[in-house]
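Given next, in structure tokens, is a single chain: the form predicted on its own.
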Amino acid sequence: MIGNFSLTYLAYMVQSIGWTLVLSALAFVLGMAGGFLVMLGRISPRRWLRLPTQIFIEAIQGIPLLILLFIVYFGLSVYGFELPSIVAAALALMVYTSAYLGDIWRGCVEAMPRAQWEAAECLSFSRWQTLRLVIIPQAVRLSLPPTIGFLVQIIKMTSLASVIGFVELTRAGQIINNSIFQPFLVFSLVGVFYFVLCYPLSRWSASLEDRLNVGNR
């Protein structure tokens, strides 16, 4: 049975964008904290720190995000940890984001010229002082474009949270379509909303890449 698409449905979709942004923000902020620790582990001179973080990155990058969502939401509930869908989605996205941002930032830190490390050693800086005062401030400029580019991916990947019942933009589209059965109209609108959210960030990332001349470093 085909119904009419009303302003009520449109308002429901717009409201669901807020939950998409909340989940994206949680995943990005928590993922940045985790990614920083992963990055520190990957560039550590100590093998017992490098090895576990390398295994973590390779394991997470080899597992689809959908499976991570199932593990956190359904898997943990077997052991008595019944998490709300937003918490489970945020945790799964945080783990996923930590692995990717940690690897992106490791590459940016290791791209710094060796002379920068040697100059800091000449000033008797400790390794942490070298990172904090010399390397990381320069690496942050280099990492901005790929980090913002990955934020675009996070926003789009929040759509997978619909499989565990979290009502974000994609899930709102499914609910509306189940009611009025106009899949072309409903999911086209969902796609337009994602585009409106992601396109400015993509352009910002490209602009930063040109401004910071990242490609020619």
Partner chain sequence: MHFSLNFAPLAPYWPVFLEGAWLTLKMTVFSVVIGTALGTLVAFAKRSRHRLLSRLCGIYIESVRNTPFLVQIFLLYFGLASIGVHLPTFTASVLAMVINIGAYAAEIIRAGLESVPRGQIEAAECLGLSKWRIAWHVMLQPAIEKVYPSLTTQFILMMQASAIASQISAEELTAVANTVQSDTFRSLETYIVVAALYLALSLLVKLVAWAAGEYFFKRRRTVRRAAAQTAQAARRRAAAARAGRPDVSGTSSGNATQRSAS
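These numbers come from a predicted model, not from an experiment. Positions refer to the first chain, counted from 1.
If you look for the form predicted in complex with the partner chain, you will not find it shown, but the lines that follow are about it.
- Site annotation in the predicted complex: the residue of V167, V152, M32, L26 reaching within 4.5 Å of the partner chain with a heavy atom is V152.
- For the options P84, P113, G75, G107, the one in contact with the partner chain in the predicted complex, meaning a heavy atom within 4.5 Å, is G75.
- Not displayed here, the partner chain is approached by P64 to within 4.5 Å at the level of heavy atoms in the predicted complex.
- Using a 4.5 angstroms threshold between heavy atoms, W19 stays clear of the partner chain in the predicted complex.
- In the predicted complex, the partner chain sits beyond 4.5 Å of every heavy atom of I175.
- Mapping the unseen interface onto this chain, S188 counts among the residues with a heavy atom inside 4.5 Å of the partner chain in the predicted complex.
- Although the partner chain is not shown here, in the predicted complex the stretch 151 to 165 places heavy atoms of V152, Q153, K156, S159, L160, S162, V163 within 4.5 Å of it, in sequence order.
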